[in-house]
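Given next, in structure tokens, is a single chain: the form predicted on its own.
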């Protein structure tokens, strides 16, 4: 596989419904399951496929993403021969800086230069908001067996598993022709009880086919994304097939879906299905002390990262690095991110604390599974219920 694929990660993803968690970070760098980021999952798929480089296209500031990725060495992307992580940020700004909706020419040139300079035979396009663990080697094998120019990944799901106004699309397959893709359908128009083939916005493309599309995209001022590519391929009457993914999947579209995905990881079957379905998921390691549990700590079905100090009760929750929980504090069905401090005699249930949140003695916060309370980064929660935004 080495040198065969040129991965393009399209991280221009819808983030408004994930605010305030996405106020200062793209969707790809959202923390997940105590020590990971969403970007770790497509990157781990690339590592297991022996990719040497990746091009990232980000809608806004990528500072938190760059800080996590660094040189890309964790995922084998720091090769001295042709390797590297090539980042292109502020894509939305570039596309509108001339005062209209037209894309800046560099939007297309960045894609063209990356693909043409690679030694790859194929282009792989991926995103980060559809949480999954895809085996690219198996995808490649299927693509070659079908003698296809384009292969797109899908999963059979119920319409009810996605939010009402989802931005994702469904594939229409010709089952008589072994999974050939016939069309793309807007999921928002479908009924809740329907099953559908969710377009997972991951595809493998012949290099020449991608460059042909790039020329048309530039001429017609089109976004470079999987949906547009499928439409283009169908219009050109070229072969395109659907590859079925059968592992764990969660569409991270809003606060509730993000919360639910984290809560799913407290179930051992879900955790193993995502992290150990095939090859394990990799992330940047941080060496620090193990978590300390005091004599008054009560733990029930919870996950912890390292370097925490726990003296209170934690149930059905996920706790990230360097979190302190005081005595008689009660945390239940919550997500507590890095460097947060929760003083004694506090109560948190169905709550998401972003990084560096301070919860003062006696404070109480209780949301619901459908509407968890979110405290933004650097926020302070006081005993009388006042919340100071970070």
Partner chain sequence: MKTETVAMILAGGQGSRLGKLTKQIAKPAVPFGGNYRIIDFALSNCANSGFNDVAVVTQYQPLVLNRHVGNGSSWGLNRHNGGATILQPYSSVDGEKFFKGTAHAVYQNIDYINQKNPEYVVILSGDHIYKMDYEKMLDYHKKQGASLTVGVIPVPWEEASRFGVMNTDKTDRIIEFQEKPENPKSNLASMGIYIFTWARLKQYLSDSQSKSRHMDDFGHDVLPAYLRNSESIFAYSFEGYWKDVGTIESLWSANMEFIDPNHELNIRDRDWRVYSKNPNTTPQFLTETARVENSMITDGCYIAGEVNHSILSHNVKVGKNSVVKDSFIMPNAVIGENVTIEKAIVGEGARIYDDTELIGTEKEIAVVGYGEEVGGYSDEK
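Positions refer to the first chain, counted from 1. Small disclaimer: the values here were computed from a predicted structure and weren't measured.
The same protein also has a form predicted in complex with its partner chain, omitted here; what follows describes it.
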item: Non-hydrogen atom within 4.5 angstroms of its partner chain in the predicted complex for each of 78, 265 and 302; value: yes
item: Heavy atom within 4.5 Å of its partner chain in the predicted complex - the one residue of 352, 28, 51, 331 that qualifies; value: 51
item: Interface residue in the predicted complex among 118, 169, 132, 283, criterion: non-hydrogen atom within 4.5 angstroms of its partner chain; value: 283
item: Listed range touching its partner chain, judged in the predicted complex by heavy atoms within 4.5 Å, from 228 to 236, 142 to 150, 272 to 280, 183 to 191; value: 272 to 280
item: Residue contact check: residue 200 to its partner chain in the predicted complex, 4.5 Å heavy atom; value: no
item: Distance check, residue 37 to its partner chain in the predicted complex, heavy atom within 4.5 Å; value: no
item: Distance check, residue 358 to its partner chain in the predicted complex, heavy atom within 4.5 Å; value: no
item: Exercise: residue 174 in contact with its partner chain in the predicted complex, heavy atom 4.5 Å; value: no
item: Partner contacts for 283 to 320, taking its partner chain in the predicted complex and a 4.5 Å heavy atom cut-off; value: 283, 285, 286, 287, 288, 289, 290, 291, 292, 293, 294, 295, 297, 299, 300, 301, 302, 303, 304, 305, 306, 307, 308, 309
